[in-house]
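The chain below stands alone, shown as structure tokens; this is the form predicted alone.
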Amino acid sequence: MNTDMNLAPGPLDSRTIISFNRVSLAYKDQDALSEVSFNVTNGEFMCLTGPSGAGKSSILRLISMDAFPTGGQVRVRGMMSSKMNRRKIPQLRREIGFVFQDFRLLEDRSVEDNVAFAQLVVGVPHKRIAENVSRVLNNVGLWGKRHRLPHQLSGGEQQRVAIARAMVNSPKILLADEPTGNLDPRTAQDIINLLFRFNDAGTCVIFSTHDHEIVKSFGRRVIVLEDGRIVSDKQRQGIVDRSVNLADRMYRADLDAAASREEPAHA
């Protein structure tokens, strides 16, 4: 276990946007999380990593209060899980954007309508919807494809639509659950860079991934989970180099191995 990690959340200050205090989550047949504690400050970019079943998605569910802890306390934007009125959950979720591995777009609606739907469900006036959709589609570089259906887009473009939909309500928190899991390395790098851009504008990003290369290349603060427990919580020192070529990093080991197997040419 890493002795540098901060298992106790410590005192909350005005910048704390998410706090887990000795949080446990148990389902009928398993313990998903056990004694998990950490704080997240406003505007932070944090990676959650660990093997499948380590508890990454459970943490995201607790942040959105799609699940409630069986022990401990979760606090998000000042709202405490133990005192949460379920009628206020929609109010909390308006401040949270969600991006998933499988995009979850409405297949029978255009790019424009997929993004607009996130505004319709919270009652934004139609004039403002048009303005906001235009703004966010330009931000993700898809305004020119606003009339296309999801099946007419590449996987990376579909994920950009999903990010636009998540960001159109200007949430304070963006939860990204394995958002690059279905993408090739170069497209994955584009998506991560896009998430950094929204983070630079002030949105707190919680990024879940089991891909070690992504974590090594882009992680600022990295929490490592194993069997529902935090085994490491490290803040990377210095500036993350976003110019790194993720595709090269991910494939170089394979290429080097292949080259070593090649027999030298004989004259």
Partner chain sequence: MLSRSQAGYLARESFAGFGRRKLTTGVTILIMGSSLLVLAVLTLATLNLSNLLETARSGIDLRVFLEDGIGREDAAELQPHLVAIPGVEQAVWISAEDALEEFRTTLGEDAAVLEMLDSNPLPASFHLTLTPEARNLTAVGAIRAEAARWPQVAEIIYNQDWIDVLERWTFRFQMVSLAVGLVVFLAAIFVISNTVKLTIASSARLIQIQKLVGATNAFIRTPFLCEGMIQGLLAGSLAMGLLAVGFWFLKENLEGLVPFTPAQMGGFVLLCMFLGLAGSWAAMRKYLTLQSETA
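Positions refer to the first chain, counted from 1. Here the structure is a predicted model, which is why all the values come from computation and not from measurement.
The same protein also exists as the form predicted together with the partner chain; that form is not shown, yet it is the one meant from here on.
- Taken together, the three residues Arg160, Arg197 and Arg221 lack any non-hydrogen atom within 4.5 angstroms of the partner chain in the predicted bound form.
- Contact annotation for His126: at least one heavy atom lies within 4.5 Å of the partner chain in the predicted bound form.
- Though the partner is left out of this view, Val122 does reach within 4.5 Å of the partner chain in the predicted bound form, counting heavy atoms only.
- The shortest heavy atom separation between Arg104 and the partner chain in the predicted bound form is within 4.5 Å.
- Proximity of Ser134 to the partner chain in the predicted bound form: non-hydrogen atoms within 4.5 Å are absent; the residue sits far from the partner.
- Only one of the listed residues (Val76, Val140, Ile173, Ala118) places a non-hydrogen atom within 4.5 angstroms of the partner chain in the predicted bound form, and that residue is Ala118.
- The stretch in contact with the partner chain in the predicted bound form, judged by heavy atoms within 4.5 Å, is 58-66, chosen from 198-206, 58-66, 228-236, 41-49.
- In the predicted bound form, Arg165, Asn169 are the residues of 161-198 with at least one heavy atom within 4.5 Å of the partner chain, listed from first to last.
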